[in-house]
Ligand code: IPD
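Shown here is one chain on its own, the form predicted on its own, set out as structure tokens.
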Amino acid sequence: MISPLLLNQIRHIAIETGAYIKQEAISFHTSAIENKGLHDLVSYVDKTAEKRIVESLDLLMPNASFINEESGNIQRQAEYTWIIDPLDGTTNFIHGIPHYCISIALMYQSQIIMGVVHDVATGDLFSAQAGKGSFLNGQAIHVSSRDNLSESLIATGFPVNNFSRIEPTLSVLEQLILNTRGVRRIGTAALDLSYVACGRFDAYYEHGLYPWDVAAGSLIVQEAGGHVSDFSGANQYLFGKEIVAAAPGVYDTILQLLRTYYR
């Protein structure tokens, strides 16, 4: 049985780890950068933050499995799985851009039931529990009420090392540049999703993603009244490497645009 205190405990772990990351940002040097692949960066800060999170969560739920970005998966005979991104927006962090976050989600069987996203630089803390709504710093949040694409602000991201879908990417981007208030690419999927949840963005879409990028944020959007799917409108966004999340008023329009070009 899940403790009613668990979500608060996850929040506390995110805040503590965020304090560590914020402190390391002061003295971080580019000599600490490692390359996992083409344009795919990591540092000791990511690794240490993940180690701290895993150790803390393991104390809360000793038998749970883990899906981690940096250290790999921990498989156990359990119905619960933690999905963790210790530093979403590593490239921003490395370049001194104060826009990165911690993302922690809890999955029961195949359903995300809790999610926390902590914006390290601003201190904003987004969270959600299935069936109980979404919150920003303890206050309930909801997606925007806009229903006109021309009045909407859209977020997206671009793959860093797989450019096989570059043509549809540019085609969709062109249509959104022409027909919205603007498109933002700020470099962290978990925060993009959280911004949709609180109405800062009206929609977000991206492909080439992993479970740790979207697990917590997708629940936060849904609990805030938004729609989440893959580009076909199905629910394979967690492991399907593509996601669209939007306020109900613009979701169908964005989805149709994605279906038109991503075939």
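Numbering starts at 1 and runs along the sequence shown. From a predicted model like this one, the values you see are computed outputs, not experimental measurements.
Below, we turn to the form predicted together with this ligand, even though it does not appear here.
Interface residue remark: S127 is not counted as part of the site for this ligand in the model of the complex, having no heavy atom within 4.5 Å. Taking non-hydrogen atoms only, F158 approaches this ligand to within 4.5 angstroms in the model of the complex. The closest heavy atom approach of T81 to this ligand in the model of the complex falls outside 4.5 Å. Contact between D230 and this ligand in the model of the complex is not found at the 4.5 Å heavy atom cutoff.
Stretch-level contact check against this ligand in the model of the complex with heavy atoms at 4.5 Å: of 162 to 170, 112 to 120, 85 to 93, 131 to 139, the positive one is 85 to 93. Scanning C198, I67, A49, L209 against this ligand in the model of the complex with a 4.5 Å heavy atom cut-off leaves one residue, L209.
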